[in-house]
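Coming up, as structure tokens: structure 1 and structure 2, two forms of one and the same protein chain.
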Structure 1
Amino acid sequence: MSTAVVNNKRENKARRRFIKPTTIFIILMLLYPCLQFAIMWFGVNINSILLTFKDRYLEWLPIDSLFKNYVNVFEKMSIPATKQMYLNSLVYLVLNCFITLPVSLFFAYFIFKKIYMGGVFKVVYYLPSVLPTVILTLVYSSMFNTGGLLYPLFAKFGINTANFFVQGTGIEKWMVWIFCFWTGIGYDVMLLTAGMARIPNDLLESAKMDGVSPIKEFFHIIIPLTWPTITTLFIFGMMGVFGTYLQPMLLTGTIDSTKTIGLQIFNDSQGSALNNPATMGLVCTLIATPIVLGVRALLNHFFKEVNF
């Protein structure tokens, strides 16, 4: 065997042993997200599942009462306050999916068609999506409190708007719902207009030349071609049943008339009995997952996704 062949083999072996800088860079860049996923998602969720089999002192439950926490969750459903909490949470399904989403779709279409002062409407709709919820709730509630912008206007009719966020008036629910509608519509409009912007202009120009009216264009072209975005927002809206907690907490506190599942889990997680919120969260996940998957499969059957 020649000396050149031997040297080539040695060089190849040395190259195999040597890790390229590009490979090292990729490994280091992937190390952090993988570690974060392992700890913050996988680890947290596994720990939450294990908490459902422990008592309030984080001791393992006996074998004969291993599912005691799950039994307690279902037993509490018969309590009037708990029933009210679940009903309050279901309201956000209707609000997000059947009120906010259709209205957002309507406004997004008008912005997409470049109506007069469309830029102003963009700012009005997008502003709640940019500002933190804490600031928005503070501004929103301050308008109705004593000295607020709307307080003297309602005072002329003998209405004390300072009590709008107090339990027992019956208005506190509506104030939270109106706020969620106002802040939610901007997020939906933003995504819907982005989905409509992908539609080729040639297709719309061709439809216009064929005499398609704006109403037919909206229902027969815009909605089918933006259906994947609509489906995604519908699923996100369903998640509001379990994820809405910050708005009622900041506006009305922890009163029963506006308490939601998410707010109950948040409040319970601040104490020492972590088994209760963990069990409630897992039960809600087991119930919601097949429903969400079923709704998603149903929505995907209405229109086929079009690539353009």
Structure 2
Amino acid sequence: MSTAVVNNKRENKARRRFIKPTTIFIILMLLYPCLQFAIMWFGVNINSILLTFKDRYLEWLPIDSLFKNYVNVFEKMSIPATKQMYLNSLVYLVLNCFITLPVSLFFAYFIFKKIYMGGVFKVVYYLPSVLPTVILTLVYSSMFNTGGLLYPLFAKFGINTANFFVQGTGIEKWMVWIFCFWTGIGYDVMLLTAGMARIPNDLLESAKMDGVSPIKEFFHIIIPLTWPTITTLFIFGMMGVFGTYLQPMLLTGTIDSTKTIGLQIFNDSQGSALNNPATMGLVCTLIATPIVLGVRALLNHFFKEVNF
């Protein structure tokens, strides 16, 4: 037996006896996200799911009325205030997906095409995305109050903008939607310009040499090639139906005309009857998940994914 073979056998034995430090590191690094998932995601969510089978004192419901909370959620859907809350929430689907996203797409394209003062516009769009919502709502509402920038401007036309956030005027919900549109654009533009920046220049130059107009370029090259980003933003926009709560809360307070599902869940979860918000959250998830997955599958069918 040669010396080399003997050495090799020894090495293999040593390998078997001691796990390499790098292997330990990899295991630990993999263990951490696994534990994180198990505790922070599964642990937290399983508790929420269990809450849906408990009463307001967080005691288990009797077996014959185990689904009482679910029945209540559906029964409440016929109550006017709840109906309005669901409708208010659905508005964010239209706003985020069919207004903010298309407008952002245009703005992102203009910035991508490096139009005059594109850098300034970039900052203008991005700024609302980097500032906390609390600050933005404060700035936004102050503009319309006495002493605000827009107050004297509207006053010239006999419009009192201080009433804009008051329930019953009918304007308060528009003020929240406009705010969400304003702040939503920055986020969408940021991701879309990043998506557009990845498009190879050669492709665009070649199209230009073939005489493709900017409009054709936008619809036939830019949109198909940024489609995965658009799909993601569309899905995020859909999630706004359930997730929007801070903007109406900070701008108008918890009032029926602007209350959303998210705000209702947030308010209810401040109390101790956590079974109600947990059930509402789970029912919404159960309804939304197939819809979101379906929409995603549908959107993915529009354009074939291209790798570049």
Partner chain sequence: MKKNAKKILPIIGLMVLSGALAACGEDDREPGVLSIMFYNGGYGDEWVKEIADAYAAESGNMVDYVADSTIASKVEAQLTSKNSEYDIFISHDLNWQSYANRGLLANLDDVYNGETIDGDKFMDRVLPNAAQLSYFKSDKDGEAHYYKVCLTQGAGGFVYNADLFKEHGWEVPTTYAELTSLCAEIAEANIIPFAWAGGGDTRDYYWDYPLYEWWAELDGLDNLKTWSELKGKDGTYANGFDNFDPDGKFKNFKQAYKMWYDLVGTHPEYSNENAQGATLDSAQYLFYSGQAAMIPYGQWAKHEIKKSQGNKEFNFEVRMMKTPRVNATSDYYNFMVGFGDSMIVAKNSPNIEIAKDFLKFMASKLACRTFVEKAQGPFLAFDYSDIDMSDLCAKDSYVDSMYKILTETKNFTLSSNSPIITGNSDIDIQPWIGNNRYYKSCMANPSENTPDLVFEKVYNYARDNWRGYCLNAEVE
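What we label the rigid core is the largest C-alpha set whose atoms superpose within 1.5 Å from one form to the other. Numbers given to residues start at 1 and step along the sequence of structure 1. Just so you know, these numbers come straight off a predicted model, no measurement behind them.
The form predicted in complex with its partner chain appears here as structure 2; structure 1 is the other form of the chain. After superposing the rigid core, the C-alpha of residue 26 moves by 2 Å or more between structure 1 and structure 2.
Comparing the forms between structure 1 and structure 2 on their rigid core, the Cα displacement of residue 46 stays under 2 Å. A displacement of less than 2 angstroms separates the C-alpha positions of residue 63 between structure 1 and structure 2, with the rigid core held in common. When the rigid core is fitted, residue 37 shows a C-alpha shift of 2.7 Å between structure 1 and structure 2.
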